[in-house]
Ligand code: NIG
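Next up is one chain by itself, shown in structure tokens, the form predicted alone.
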Amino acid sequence: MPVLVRGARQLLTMRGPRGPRRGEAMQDLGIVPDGAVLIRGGKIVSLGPSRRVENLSLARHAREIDATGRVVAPGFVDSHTHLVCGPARLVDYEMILAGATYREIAAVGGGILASVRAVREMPIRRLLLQAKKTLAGCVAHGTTTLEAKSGYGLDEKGERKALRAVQALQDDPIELIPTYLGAHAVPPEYAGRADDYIDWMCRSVMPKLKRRKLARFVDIYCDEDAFTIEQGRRYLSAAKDFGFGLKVHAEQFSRTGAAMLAVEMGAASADHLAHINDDDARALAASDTIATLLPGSVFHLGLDCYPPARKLIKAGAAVALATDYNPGTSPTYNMQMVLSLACSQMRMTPAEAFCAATINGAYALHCGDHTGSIETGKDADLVMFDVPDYREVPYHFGVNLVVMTMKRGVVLYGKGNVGWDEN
């Protein structure tokens, strides 16, 4: 049966030319007042003013969802998460509160390797249950597409287990984009032999992942106490040869040149970017690499060096926002809170933040052709907020304003007087 979402006080369409939005274009949300969306077979078939869409012949036989007085937008695209990650790192959290640095936490056995020990020990059933619970929270907060990295196994068995979990959860209930992050840290068995670890991943792991279709992207963490630029270049070159999309954790705690490496290698995104300079911003602006900013990790670690969003936008870079959901540095899946941090701490406008969290996030995952905006022919991935103006979403920080989340025309989450068909 067709579905008609009608009467939205503001329908944020993000309509525009193909490709991510840059500069002033990030301010244009394509708002339709009193807007409606007509859906059939999970796809958007028409949109525009409610009076016009309601008069289409198909709309007369549609199940209606009343959005009167509310904001309807594309579902959030969370383009950087560590979904399969093991338990909360509460010891790390207490150390952060006591003033310990990320490096000091890692030096006493915490940090990434603490999660590695946990994930290696956990059966896949427990990892699946944990991830499903997280995904339910993501949906309730408006996310409809999510990237899911491995990176807490760091051996063949552990990484394969994590990626198999992502594969098992595909479309249950939302679209997941799997990323292999074997180069997240050097595992204990390769201590002092990072080059050997890189070679092993390139020679032994990547071919199997490609053959089994367990990952679409390959990611590497280049930073202090992580992998060098030269190691990153070898790793990403091998991944590119196998046909994977590329991603880079870049300039999180120091400037290493990783953002420039991402541009050089044609990566889909360079993520974090707290310590970039003007040259990095210009290089990103002149490239197709999306600058994905993760303010949640800065907030959780109690740091004061947020990514320079204004510098990147002014330079003309395509900026995306994501949660960086993980147990150590950003234990949140609430994209609404990320928008609040982007506005209050990085001085993005609410319009820029919405753009970065939807259409630009979709292009950071190479899926902007079917999601991230409300346009004819795209998947009907929608979120409805119980506010009359989109600017209230970042304004009410830490509050869940979502009253409906829809994926491909099916309502996955709804409350209050929102009607939906559970079948």
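Since this is a predicted model, take the numbers as computed values, not measurements. One rule holds for the numbers: they count along the sequence shown, beginning at 1.
The same protein also exists as the form predicted together with the ligand; that form is not shown, yet it is the one meant from here on.
| field | Candidate stretches 331-339, 347-355, 128-136, 75-83, one within 4.5 Å of the ligand in the model of the complex by heavy atom | value | Only one stretch passes the 4.5 Å heavy-atom test: 75-83.
| said: Looking at 324, 147, 280, 159 here, can you tell me which has any non-hydrogen atom within 4.5 angstroms of the ligand in the model of the complex? | reply: Spelling it out, the residue with a heavy atom inside the cut-off is 324.
| query | Within 4.5 Å of the ligand in the model of the complex: all of 217, 269 and 363, by heavy atom? | reply | Zero of three within 4.5 Å in the model of the complex.
| Even though the ligand is not shown here, does residue 221 get within 4.5 Å of it in the model of the complex, heavy atoms only? | Residue 221 belongs to the contact set for the ligand.
| message | I'd like to know if residue 249 sits close to the ligand in the model of the complex, meaning any non-hydrogen atom pair within 4.5 angstroms. | response | Judged by the heavy-atom cut-off of 4.5 Å, residue 249 is in contact with the ligand in the model of the complex.
| query | Can you check whether residue 112 is within 4.5 Å of the ligand in the model of the complex, heavy atom basis? | reply | Contact check for residue 112: yes, within 4.5 Å of the ligand in the model of the complex.
| request: Classify residue 89 as contacting or not contacting the ligand in the model of the complex by the rule of any non-hydrogen atom within 4.5 angstroms, answering yes or no. | output: Within the cut-off, so yes.
| Which residues within 183-198 place at least one heavy atom within 4.5 Å of the ligand in the model of the complex? | Residue within 4.5 Å: 184, and no other.
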